[in-house]
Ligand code: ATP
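The data below hold one chain only, encoded as structure tokens and taken in the form predicted alone.
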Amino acid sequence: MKIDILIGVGIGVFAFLAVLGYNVFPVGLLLVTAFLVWKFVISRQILKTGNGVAISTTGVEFEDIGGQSVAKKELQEALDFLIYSDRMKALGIRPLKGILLSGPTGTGKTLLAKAAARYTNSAFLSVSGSEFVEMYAGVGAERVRGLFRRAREMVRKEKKTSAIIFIDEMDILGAKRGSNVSHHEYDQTLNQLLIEMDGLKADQGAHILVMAATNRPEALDPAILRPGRFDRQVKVDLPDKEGRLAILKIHTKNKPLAENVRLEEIAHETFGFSGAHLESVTNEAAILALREEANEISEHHLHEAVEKVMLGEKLDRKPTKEELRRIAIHESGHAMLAETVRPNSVSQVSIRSRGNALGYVRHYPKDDLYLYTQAMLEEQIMVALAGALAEEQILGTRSTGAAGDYEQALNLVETMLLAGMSPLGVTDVSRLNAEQREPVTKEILAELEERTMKIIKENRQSLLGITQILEVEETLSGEMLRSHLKTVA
């Protein structure tokens, strides 16, 4: 920042002197030359010292990582090539050059890389892909060469037999060549990495395994994915129910839990959470216990933490009495319809403001689902539409509070189009223009609105009963909701 200010002041002074008639060209040329030389020296010093490269003495083991049993097994099998290199040579097996970890953010890709270094007793270096790219020609490529040199030096210094280089954000360094048409430095840096991984040099010394992580594998250059470079691609996906339970147990080891805490239930209702989300849940639960000056983390702390991670912190918004009634009707519509089409699916319904939501209904999935039928998608759309339709049925008008619901409904309709579940059948949706898609979308939504409104009209008294209870209680658990629905039915 200071350099930018000095450059700006310098340009201003030179412009002022030029206006006064002084010949500033020789001095300006000298200063520009001096600046470029200084920048080159600094860049070389960065390369020499390895600034930006984090060297970790990692204590992470595979047992410390929960919820990724398939990824761990596949990764350990690949790492055995490093551990049992003599046996592999006897069978004529070529050593692996690289392993690519791909998957959503927060699923533990960096932890797996650290555990890999521990498992193989290798020297470990980690770096971000963004640290390789500079505006100065050749700096990124030289950084790649310096990184591999440093890995070999660490092997010799620590008396290891191998090294693991971990590159995070690989989609920045390994993006498809030609995608950055205004800056060929990206391509030059990637080319240098390909050369280092190919092992074109005569004396390679210790074996170096490159591990990389990305959540956008489709953005990588095909050359980097071919055999001989990244030989293995390990998918690190969101954990299933058993995986979530294992992660919760790991993150609650050092936390005092009350005897009545059922981690299985917390794992069940956190479908779609990553390992990072679950760690945050346990941490937030501990913070909530601290606020209440409790000695143990109870189950209600964990449930509250799940809501906070999912929806955000509670807010002090104070809606008017009319707004509160509209919110109660809206959320009651969602909850009632969800219980009608999918019994026992609501975990909680609330009209307390949290995050960007004035109210919310939290659903309780029966099982982790990875495939959805047309009926399931239609039911989800009907639940999304029910809030606005309940407002219309009881109050005569809709409100802007349904904007997020409509967005969710449109996304689900898009899923139906892509899966061939619309009147269009199986078709290439990307080739359809807005005029072709809009009538189909309207037809699907109109039919589902009609079905939803019919259910709301048939259960109007139940809806009003739940609304009145919700206005007083503000929050209802799924069990309480179902009990009241039976009472007012």
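Residue numbers here begin at 1 and follow the sequence given. All of these numbers come straight from a predicted model, not from anything done at the bench.
The form predicted in complex with the named molecule exists for this protein as well; it is not shown, and the discussion that follows is about that form.
4.5 angstroms heavy atom contact with the named molecule in the predicted bound form for Lys109: Lys109 belongs to the contact set for the named molecule.
Thr452 within 4.5 Å of the named molecule in the predicted bound form, heavy atoms: Judged by the heavy-atom cut-off of 4.5 Å, Thr452 is well away from the named molecule in the predicted bound form.
is_contact(Met170, the named molecule) in the predicted bound form, heavy atom dist at most 4.5 Å: Close contact is absent here: in the predicted bound form, Met170 is far from the named molecule, nothing within 4.5 Å, heavy atoms only.
Partner proximity in the predicted bound form: Ile93 to the named molecule, non-hydrogen atom cutoff 4.5 Å: Close contact is absent here: in the predicted bound form, Ile93 is far from the named molecule, nothing within 4.5 Å, heavy atoms only.
Residue among Thr397, Thr105, Thr400, Thr320 with a heavy atom within 4.5 Å of the named molecule in the predicted bound form: None of the other options qualify; the answer is Thr105.
Single option in Val383, Ile247, Ile165, Leu79 placed near the named molecule in the predicted bound form, where near means a heavy atom within 4.5 Å: None of the others qualify; the residue that does is Ile247.
Which of 288 to 296, 342 to 350, 370 to 378, 275 to 283 sits within 4.5 Å of the named molecule in the predicted bound form, heavy atom basis: Result of the contact check: 275 to 283.
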